[in-house]
Structure formats: structure tokens, C-alpha cells
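For reference, the chain that follows is the form predicted on its own, supplied as C-alpha cells.
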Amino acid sequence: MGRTVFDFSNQVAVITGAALGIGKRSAECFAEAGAKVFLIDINVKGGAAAAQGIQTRGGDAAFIECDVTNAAAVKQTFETIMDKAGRIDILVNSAGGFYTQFDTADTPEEEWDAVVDRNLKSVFLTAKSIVPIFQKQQSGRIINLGSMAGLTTLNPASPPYAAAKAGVHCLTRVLAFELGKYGATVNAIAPGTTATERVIAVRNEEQRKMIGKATLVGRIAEVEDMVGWVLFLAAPESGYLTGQTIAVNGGRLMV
């Protein structure tokens, strides 16, 4: 993780999309920093293995299967967490992604609905569950995973993914506005293309090399480049930062 020392002792962190990629590594790092971590994912095998790995290394973690696009499932999941832990301090919305590159004219309606639900509706549903908890606690942190695709278009991607991530950035600001008076902050990071398992499956080696060459630092992002920002936005040091989307893209996009 690097040399920055974070301390989340006695805090409860909930991470969606925690079976793989940035979500999984965020869960591991929160646990290493002392948090009790709940890993949420529809991928039962991957999520359970990630939680078991944390437990094996001495961390406090549990996996809960949940389709974060299903309102009833999300509501039940947060009720279960509150029953088990009594509070939630941190929510990381990492669930999302797309698996097929389309042009707009070629995007099936079913693909649009599925990708928007996975990337944007999921954030809305978890927010509906967490807002009353943060209001009662008078504290909390939400960190949303947006994307550079929600800020600009630099390479072939997915129209519904780009639109959904732009929506995540906007919803981040709305939630920050609503929760500020309750002592809670809401921020997002907009990663550049990051070499997660999903990205490696979607983008071929030539595309990944081209993306890396387009950055000022000369390489594609790794998961570790993003996780430090997730932890920072949950830490006390970021307490005066809210409603922001932080672009972490190696200088590929500067605004």
C-alpha cells in the first residue's frame, strides 16, 4: 500500500464490488488499518474468498452476497450489517464496470439498462440505505468510484458506462449537499483506465499500452494507485473535503 499509515480502528467499512479489483484491495487495506469490513458482491466465490483471505491474515471481515441493483436486496443487506455491527462509518461504492465496447448506435437497450443499473442505480440504492444511518450517527463517509470516462471521452468505451459514471459524479455532489449538515462527507475518485481483472479482459494488450503511453507518467494505472485515495477520503485528514470528484489518471486528463 505504500508508506502512509491509516488507522480505522473501531470503524465499520462497507465495500461494494469487493470480490475483485479496487473494491477487493480497498477492503483488504481497510482491514489492515483496523476496520471491521463487510464485503458486498454478487460474485459469491470471489467475495467469499476475499473475505476469507482477510480473515486468514488476522483481519475482521465478512462477506454478504447482494445484487446492488436490487432495492430489496440492498435494504436487507444494510439491515443485516447494522444488526451485526451496530453502525457503519464508511461506504465505498466500487461495484460497476462494463464488459463489451459498443458505439452508441450498436448499444442494445438491454446493455444500456444493465450497465446504468450496475454503475449508477447501485449508488442510488446504497445511498438510500446509508443516509438515514449517517443522519442518526451525525457522521460518515461515502466514497464513490466514478471514472475518467464520466469526465471526457478519449478512447472507445461504453456509452452507458460513460453516462452512468457522469451521473455518479453528479450524485456525489447531491449527496454531499444533503449530508454535510450531518457531519458526513461524500466524494468520488475518477480513475483513469486501471489494470483490474475486468479491464484486462475488456481491453487488449495493445490498447492498454496505448493508454499507458498517453499518460504523463508513461504507464497504465494499477489498483494500488487508486486505493490510497479511497482510504484518504475516509480518513480524518479529508474531513473538510466534500462534494468533489478527484481525477486520478496520471495526467492523461487535466482540467
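Predicted model only: the values in this text are computed from it and were never measured. Numbering starts at 1 and runs along the sequence shown.
The same protein also has a form predicted in complex with a small molecule, omitted here; what follows describes it.
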Option from 103-111, 82-90, 118-126, 177-185 whose residues, in the predicted bound form, bring a heavy atom within 4.5 Å of the small molecule: 118-126
Any non-hydrogen atom of Arg141 within 4.5 angstroms of the small molecule in the predicted bound form: no
In the predicted bound form, Ile22 touching the small molecule (heavy atom, 4.5 Å): yes
Partner proximity in the predicted bound form: Leu145 to the small molecule, non-hydrogen atom cutoff 4.5 Å: yes
Interface membership of Pro159, the small molecule in the predicted bound form, 4.5 Å heavy atom rule: no
Residues Lys36, Ala73 and Ile133 all lining the small molecule in the predicted bound form, heavy atom within 4.5 Å: no
